[in-house]
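Only one chain is given next, in structure tokens, and it is the form predicted on its own.
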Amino acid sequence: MKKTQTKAFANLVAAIILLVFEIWAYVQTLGFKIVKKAAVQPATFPQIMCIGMMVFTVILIIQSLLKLKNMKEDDPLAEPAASINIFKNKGVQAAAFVIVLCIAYAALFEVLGYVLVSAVVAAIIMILIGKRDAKQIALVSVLVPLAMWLVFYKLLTVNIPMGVLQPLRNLIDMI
């Protein structure tokens, strides 16, 4: 088998694509607004995350290159890489569906609000990954976004859109 058809080569290609994206993301953070007299700037956390991802991606690139150079026939990474054909690979289909779901999430965020959209998306993803307990899906998909909204709204004073659940926010404001 050619080395270009192995899992090790697939890891190398994916890591290079990921590194390009991470560099782009880091460059985007350079345009964030600077807050005077603030120890931590809005760009600080995203930049730390980008740098951390870049470090691990470079490690994956180095590992993949070393593996390709010294690969033996019985190595697990010498096996053929899985197809990324969306019509043949169920995992790729699931990934494409989650991407579409994220786009829908962003499109509906303002209209329906954080809690409602997050609950629906969380429930769909839980079903997609194989969870079947309806009670668990309902509790997690509703309580986690609601708790996170409460933390951000009440403790951190971040105004997150509530959409159709605006009356809930008004109720919380009275408490």
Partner chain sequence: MNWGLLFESYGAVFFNPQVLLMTLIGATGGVLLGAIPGMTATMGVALLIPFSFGMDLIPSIGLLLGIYCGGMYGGSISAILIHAPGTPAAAATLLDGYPMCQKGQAGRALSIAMFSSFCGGVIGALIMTFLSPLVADVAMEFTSAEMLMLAVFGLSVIVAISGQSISKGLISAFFGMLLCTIGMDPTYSAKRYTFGVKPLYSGLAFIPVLIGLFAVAEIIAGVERIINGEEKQETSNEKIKEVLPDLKTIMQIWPQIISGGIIGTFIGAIPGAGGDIAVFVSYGFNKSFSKYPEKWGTGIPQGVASTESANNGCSGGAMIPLLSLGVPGDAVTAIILGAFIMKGIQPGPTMYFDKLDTVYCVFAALMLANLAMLIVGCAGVRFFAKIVSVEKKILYPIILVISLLGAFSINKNVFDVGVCVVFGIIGWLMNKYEFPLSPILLALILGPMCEQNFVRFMDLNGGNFMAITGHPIAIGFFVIAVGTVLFSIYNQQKINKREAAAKAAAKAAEGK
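Positions refer to the first chain, counted from 1. Computed from a prediction, not measured in an experiment: that's the story for all the values here.
What comes next is about the form predicted together with its partner chain, which is not displayed.
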{"property": "Its partner chain contact in the predicted complex: residue 71, any heavy atom under 4.5 Å", "result": "no"}
{"property": "Contact label in the predicted complex: residue 25 to its partner chain, heavy atom within 4.5 Å", "result": "yes"}
{"property": "Residue 92: touches its partner chain in the predicted complex, heavy atom cutoff 4.5 angstroms", "result": "yes"}
{"property": "Residue 112 within 4.5 Å of its partner chain in the predicted complex, heavy atoms", "result": "no"}
{"property": "Sequence-ordered residues of 122-142 touching its partner chain in the predicted complex, heavy atom within 4.5 Å", "result": "122, 125, 126, 128, 129, 130, 131, 136, 140"}
